[in-house]
Ligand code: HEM
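Quick heads-up: it's one chain on its own, the form predicted alone, in structure tokens.
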Amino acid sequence: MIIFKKTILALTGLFICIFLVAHLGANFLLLLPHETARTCYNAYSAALRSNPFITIIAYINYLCIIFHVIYAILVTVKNNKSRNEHYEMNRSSENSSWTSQNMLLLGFLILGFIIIHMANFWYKVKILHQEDDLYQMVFDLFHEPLYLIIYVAAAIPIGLHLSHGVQSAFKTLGLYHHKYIRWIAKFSVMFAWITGLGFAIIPIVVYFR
């Protein structure tokens, strides 16, 4: 049963990673010259909203986030119970990194950010139908110091979570052959750095524009 839970955790996590790549790519449009960025970003957003396939993918991503959180809690609880049952003294810190021991904590920090992020974008677009100028909405939010700090700070738990989570997902799915361990680990760290720094740098650039 624990293998099934870890598999769901791995699959949903990797799907979310694909979404992050697409989302980060769209955010890079914000770095274009002001009016060009406005035109491109609004056109891109409108194209996504009018595409039923993208809408389906978006809702699959929402479900993946929900299941990822649920199964992360279940797996963590199971692992903690097993550790307490088999060891009189918990010495996990001697055999694993701080990040691997605190994936659930990092996950909850990210979840908190997702809720804030969706309240400022998804809710306004999908519920309040504020769709006229999404670029201006993003631009204005990134010029609010508090939101800028939250957005930039969120890049830290995102990067840490990805650095361990990606390689752990590959391992769970049996794609962690001993010949490729180093390369998968390097790819995970590189992906985490690029994603984390990307999400942190873009709002900073927009703020000082």
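All residue numbers refer to positions in the sequence shown, first residue = 1. Worth saying up front: this structure is predicted, and the values here are computed from it rather than measured.
Another form, the form predicted in complex with this ligand, is not on view; read the next lines as being about it.
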Contact flag, K81 vs this ligand in the predicted bound form, heavy atom cut 4.5 Å = no
Does R38 reach this ligand in the predicted bound form if we count a contact as any heavy atom within 4.5 Å?
-> no
Indicate whether L160 is a 4.5 Å heavy atom neighbour of this ligand in the predicted bound form.
-> no
Non-hydrogen atom contact K126 with this ligand in the predicted bound form at 4.5 angstroms | yes
Heavy atom within 4.5 Å of this ligand in the predicted bound form - residue from L104, L134, I116, L74 | L134
Could you check which residue among A58, L148, I184, I156 gets a heavy atom within 4.5 Å of this ligand in the predicted bound form?
-> A58
Of 66-74, 27-35, 176-184, 163-171, which is the one stretch near this ligand in the predicted bound form, taking non-hydrogen atoms within 4.5 angstroms as near?
-> 27-35
Honest question, do A10, F15 and F108 all end up within 4.5 Å of this ligand in the predicted bound form by heavy atom distance?
-> no
Looking in the predicted bound form, the residues of 185-206 with a heavy atom no more than 4.5 Å from this ligand, listed in order, are F199, I202, P203
